[in-house]
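First comes one chain, alone, set out as structure tokens in the form predicted alone.
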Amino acid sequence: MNLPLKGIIPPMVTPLNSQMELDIPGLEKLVEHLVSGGVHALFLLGSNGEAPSLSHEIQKELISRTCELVDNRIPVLVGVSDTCMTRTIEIAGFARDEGAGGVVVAPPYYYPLSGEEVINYYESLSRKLPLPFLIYNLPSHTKINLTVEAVKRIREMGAVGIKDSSGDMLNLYSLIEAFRDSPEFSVITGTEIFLPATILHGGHGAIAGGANLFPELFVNLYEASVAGDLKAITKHRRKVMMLYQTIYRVGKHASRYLKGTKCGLSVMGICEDHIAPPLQRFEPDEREEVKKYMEHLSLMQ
């Protein structure tokens, strides 16, 4: 994995069938859809990948088959966040053995940890991780918003970057500024609409859920941002905003982003839209709404 890690990195959904098994044909189509769309890496087992809801057997099968399908064409990153450090280390070792290029680790998300406890966790973990790791700042799920000073300390332990999913633009800018003189440390936004601002201010890319559906659109937005082409940025960003105004607004619950993404992929004939419990896929009327929006968005590509 070349450093710094850059570009568009889809947090890949995990295709499942009606038996809650890995949808192998869907996975094959999805990986080719993303790689041929020009993305720069894949991120498995994040929130969009339903990591907390999947058995370790399915997680391992996903890692193994995805690495095989990618065949070293682009880096594969694996989310290994867990409440148990032993399980984190175990799945990281499996990911290394299967050919992944790095792992992504959030603070443990059950007990409310102090700042020093978080540092101690990463210090202990970093000694045992077999792959380069990115820090995952996910305060909505972990109850911890990592400070710039904390990230600096974890970087000294070997972190090669951070995925910032705080949704806070000031926090993102502060991270970019703090590591401006650290050329191999990546600052990557987890809020896809922040992509142009991230790149224009000196960041490195986005882990963009919408790239599951439209990888070329997000790659084009990234390349326009790198080039500083404001006209092209405006054009592509307008299309990304349509995702927010259509697919991401179907349904009533916070899980609608994931449900909408999976449903959109099923409309495209890429993979099924089954979701692991406790979540459930959209009802027929919601699926029809997604289908209508997808037809409109596809015409815009």
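Remember, predicted model here, so these are calculated numbers, not experimental data. Sequential numbering from 1, following the sequence displayed.
There is another form of this protein, the form predicted together with another copy of the chain, and it is not shown here; the text below is about that form.
- Checking 236-244, 33-41, 264-272, 62-70 against another copy of the chain in the predicted complex, the stretch whose residues place heavy atoms within 4.5 Å of it is 236-244.
- Proximity of Pro75 to another copy of the chain in the predicted complex falls outside the 4.5 Å heavy atom cutoff.
- Put simply, Tyr173 is close to another copy of the chain in the predicted complex: some heavy atom of it is within 4.5 Å.
- Among residues of the shown chain, Gln280 is one whose heavy atoms approach another copy of the chain to within 4.5 Å in the predicted complex.
- Contact check for Leu54: a heavy atom falls within 4.5 Å of another copy of the chain in the predicted complex.
- Note on contacts: among Gly99, Pro108, Gly93, Pro215, the single residue with a heavy atom within 4.5 Å of another copy of the chain in the predicted complex is Pro108.
- Residues are counted as partner-facing when one of their heavy atoms sits within 4.5 Å of another copy of the chain in the predicted complex; in 186-201 these are Ile193, Phe194, Ala197, Leu200, His201, in sequence order.
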